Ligand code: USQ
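One chain comes next, on its own, written out as structure tokens in the form predicted alone.
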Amino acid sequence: MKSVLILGGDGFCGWPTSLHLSANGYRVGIIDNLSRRHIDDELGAASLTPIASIGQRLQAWHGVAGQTIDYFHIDIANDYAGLRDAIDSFKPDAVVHFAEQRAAPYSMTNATHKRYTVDNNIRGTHNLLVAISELGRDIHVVHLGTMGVYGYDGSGLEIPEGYLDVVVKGPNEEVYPRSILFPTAPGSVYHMTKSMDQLLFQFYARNDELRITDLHQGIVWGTQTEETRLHDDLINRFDYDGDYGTVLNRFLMQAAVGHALTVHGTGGQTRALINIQDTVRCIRLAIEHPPQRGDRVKIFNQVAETQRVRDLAKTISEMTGARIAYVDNPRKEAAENDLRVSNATFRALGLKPILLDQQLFNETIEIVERFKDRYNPAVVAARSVWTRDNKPGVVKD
């Protein structure tokens, strides 16, 4: 039986991934300091779905699946010894790294959040790589990155899977072929940390021959997976607030409670999207197809499709009758952009991605209807701005 440690396994992507791997024959351990729950308290913006304690979650999983998931309460950014010892005792074949502050708006709110995002994300990633290197173990690291490292200004090019083949002209017109990381253009402090992760991975893959896969994921929509549906205590997070609510889930929430769909700017921003059920499948595929020791970092684009934000809003509006409200865009980004992304590797591995579909929207709306008494309208609007010139969430009539 292969064993996997999930860093950040209590979170939106980490929890369903932990259950999916456990259901598919993996021995699973979770490392998490429950920081996402503390951020809920800080923001006053709890998940729409009620989240059981980590102990109740693990007990419920054992009850319905007969499987045990080990849990380690460790802050990987600040407790290097604890992280190293957990890896040493659990002896994983792979480590899946979700343990980073994941919200771009949260990372841009103020100086405290900017510093926390960099300190937490970069130190945690580096501590993981150092621990594996120090222990001398052959462990495959699977990291959840983001398509946002490439920015959203749109170059017209299809974004390849990580690397760009170029030629450099040298003296006397000599030509030198090179394969370089596709240039990043992070649009927030959060995205900047993911860009910095890439350099850490390149160094440790080359210098210490660590086996690393970096997954550049699109915006996740949906909430439930096959495993999280099995018991109320296993239910996944549903974030709809201005900091952590992903755009499609936010629209579906707004529609269900009669709130206007708030589209930032012109809505011409094109985003990459993926359903949460495909997220967990992609993680398993990545674990099952590791690079060889000494190989360069494998980089996959973990996306299903791309859509413009205003088109998403139009689809939800036509489905539900919700009004669309255009509000000032708090971000510093192009008003309109195209986004073309290659996802050839996962398709070649057999992934048939879930595309935006009304039936799946209905499933999300059912969850919203069930828990809408927990809805807090005060947290829906964007509260962070990228520059002093931006205004958060001012409705344009």
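Each residue number is its position in the shown sequence, starting from 1. Bear in mind the structure is a predicted one, so any value in this text is a computation, not a measurement.
Same protein, other form: the form predicted in complex with this ligand, not shown, and the subject of what follows.
- Heavy atoms of residue 345 never reach within 4.5 Å of this ligand in the predicted bound form, leaving it off the interface.
- Remark: residue 262 counts among the residues lining this ligand in the predicted bound form, judged by a heavy atom distance of 4.5 Å or less.
- In the predicted bound form, this ligand sits beyond 4.5 Å of every heavy atom of residue 301.
- Among heavy atoms of residue 148, some come within 4.5 Å of this ligand in the predicted bound form.
- Residues of just one listed stretch (176-184, 227-235, 206-214, 101-109) have heavy atoms within 4.5 Å of this ligand in the predicted bound form: 101-109.
- 191 is the sole member of 191, 84, 113, 126 with a non-hydrogen atom lying within 4.5 angstroms of this ligand in the predicted bound form.
- When contacts are defined as a non-hydrogen atom within 4.5 Å, none of 223, 255 and 371 contacts this ligand in the predicted bound form.
- Residues are counted as partner-facing when one of their heavy atoms sits within 4.5 Å of this ligand in the predicted bound form; in 204-234 these are 217, 218, 219, in sequence order.
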